[in-house]
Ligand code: GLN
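Shown below, as structure tokens, is a lone chain in the form predicted alone; questions about how it binds or moves come after it.
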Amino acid sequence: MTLKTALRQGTEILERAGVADARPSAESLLCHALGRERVYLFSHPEHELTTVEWIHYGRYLHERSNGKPAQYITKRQEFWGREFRVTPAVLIPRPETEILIEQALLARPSPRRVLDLCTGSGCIAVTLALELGADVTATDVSAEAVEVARNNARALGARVTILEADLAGGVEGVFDLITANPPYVESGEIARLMREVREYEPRLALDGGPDGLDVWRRIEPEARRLLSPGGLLLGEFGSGQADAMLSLFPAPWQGARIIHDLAGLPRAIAVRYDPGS
């Protein structure tokens, strides 16, 4: 079977299984089976799959047809132009989360000490360490997530101190920037999430309590404890939570603003700590 035929048949299999991103998934899985980059599919459509390649591709298609995200099959996801390794112990990095990187890079003065809470794969912490040249510390309550983040930092050459901790528990010092992408899905909404998210991504990283803001309420005092005067807190939240998020940051917080994603949806908050106010 040629690559051209395998790609067509794989796409059809995933479409029949109700996979929304059938064609991109088929391409990604076929590349993974071959150990090749995507350009190879289109520059060598006549390539004949070996028996081993076909066996691997068929298994990946079966897993994806059952709802397993392609990223957990290939064990990789791009974020800010870099490839991060992912496992079912961490959320799959989303393009929308790159908003936090954009805002951090715009911050003036440029942050020199950064703390990333709920780091997961480490995508935010590693990216900020590499882009800012900052001294970055990251935490996660999951030991498995910490291992994934440490492996990503090592593979990408980022100097990040990654700790197993419940938010900032045990963290000391003063930081210019704190970032967070905590669990923010309402507990009652998890059953309504897409199958790929509901059945495969870690609930620990999804469930934000009855209104989705339980973890954010715990982050606020931690950020007050650790931010330097004028320090910036950047974090992601969920649909319909913008007004509630703003209410979490009265004085001494100043200048709270909501940041919209490329779809025009409220996605993140930026707020400065001003203990002199």
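Note that residue numbering begins at 1 and tracks the sequence as displayed. Note that the structure is a prediction, hence the values are computed from the model and not measured.
There is another form of this protein, the form predicted in complex with ligand GLN, and it is not shown here; the text below is about that form.
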- Query: Of these, 168, 145, 100, 205, which has a heavy atom no more than 4.5 Å from ligand GLN in the predicted complex?
  - Reply: 205
- Residue among 153, 91, 162, 129 with a heavy atom within 4.5 Å of ligand GLN in the predicted complex: 91
- Message: Given a 4.5 Å cut-off on heavy atoms, tell me which of 103-111, 154-162, 67-75, 177-185 is the interface stretch with ligand GLN in the predicted complex.
- Response: 177-185
- Query: Hey, in the predicted complex, does residue 197 get a heavy atom within 4.5 angstroms of ligand GLN?
  - Reply: yes
- Query: Is there a non-hydrogen atom of residue 189 within 4.5 angstroms of a non-hydrogen atom of ligand GLN in the predicted complex?
  - Reply: no
- Decide whether residue 96 counts as a contact residue for ligand GLN in the predicted complex under a heavy atom distance cut-off of 4.5 Å. yes
